[in-house]
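Next up: just one chain, as structure tokens, the form predicted alone.
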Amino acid sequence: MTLPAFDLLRPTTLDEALRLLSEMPDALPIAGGTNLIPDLRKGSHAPGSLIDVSGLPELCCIRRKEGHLLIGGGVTIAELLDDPMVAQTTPILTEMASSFAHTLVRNRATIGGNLVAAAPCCDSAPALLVLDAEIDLAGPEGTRRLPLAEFLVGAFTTRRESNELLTCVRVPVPSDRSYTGFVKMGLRKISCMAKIDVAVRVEAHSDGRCEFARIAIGAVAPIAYRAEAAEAHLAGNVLDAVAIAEAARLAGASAHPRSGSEYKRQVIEALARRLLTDVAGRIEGGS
């Protein structure tokens, strides 16, 4: 299908973009467009105007401030993948970005767009959930902040209002005792949409015991979520084979896939066990 007719507006400042969104209720923001343009072709949306926010400098930087990594909503997945500060402080985001679609999409898709689209197979959400990420939303009345877990409401639904922009993803910089891992399972190759995403993070005590754990799963429910029972099982324990096996079982049991996809529970269990075993080995080795 061809694209419907629309006006393309290109504000030069964040304030101008927010003003346009407030004045034009039928307008939609666009940056990379890797989700929106296909939706327009399918007729899922018919906005009178698109507001191009891809060039706004306020949305396009990655910086570190007051113990947080601040990732602008307009930062592309390719920029996330190539940034040395991201690789040093939050390597799980580099892992996620490396498995995200393919080069052409990574060069256009933005972290903000990926989260706002809120597809069940959103790759970035599980990795950001284990990092306890928060979302900054700018609107006509100022900026509000939400934990990512509260921002995601349901499939293709978030708490963003139509006159707001996701301006920043805020990630607390993990300590040097934090160990993470991410794995994506697709149907055929890396460019496929995720069938399952699993992300883990373990904060270790100096004696190797788990202080706390985060395990997040994507593409098996309307939104990515944390497997809290599995996390609770690991807290305070050594990550031995028994503890890992039970946590992995609980992670698999937490999934509620659609009818016909019940196999995903077993796959989640296997992937969680693999990631936790790798993390345990790194904790033991001190790397």
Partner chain sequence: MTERRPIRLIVNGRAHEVSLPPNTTLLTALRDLGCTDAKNGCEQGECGACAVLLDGEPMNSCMILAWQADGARITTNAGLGTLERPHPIQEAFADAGAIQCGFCTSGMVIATKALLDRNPDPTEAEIRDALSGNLCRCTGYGQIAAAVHLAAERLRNLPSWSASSASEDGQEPAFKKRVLASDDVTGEGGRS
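The shown structure was predicted, so the numbers you read here are calculated from the model rather than taken from an experiment. Residue numbers count along the first chain shown, from 1.
As for the form predicted together with its partner chain, it is not shown, yet the points below apply to it.
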| query | finding |
| --- | --- |
| T12, L56 and N114 each touching its partner chain in the predicted bound form (heavy atom, 4.5 Å) | no |
| Partner-proximal stretch of 217-225, 25-33, 59-67, 245-253 relative to its partner chain in the predicted bound form, 4.5 angstroms, heavy atom | 25-33 |
| Touches its partner chain in the predicted bound form: G236 (any heavy atom, 4.5 Å) | no |
| V105 within 4.5 Å of its partner chain in the predicted bound form, heavy atoms | yes |
| Close approach of I37 to its partner chain in the predicted bound form, 4.5 Å, heavy atom | yes |
| D82: touches its partner chain in the predicted bound form, heavy atom cutoff 4.5 angstroms | yes |
| Neighbours of its partner chain in the predicted bound form among 48-67 [non-hydrogen atom within 4.5 angstroms] | G48, L50, D52, S54 |
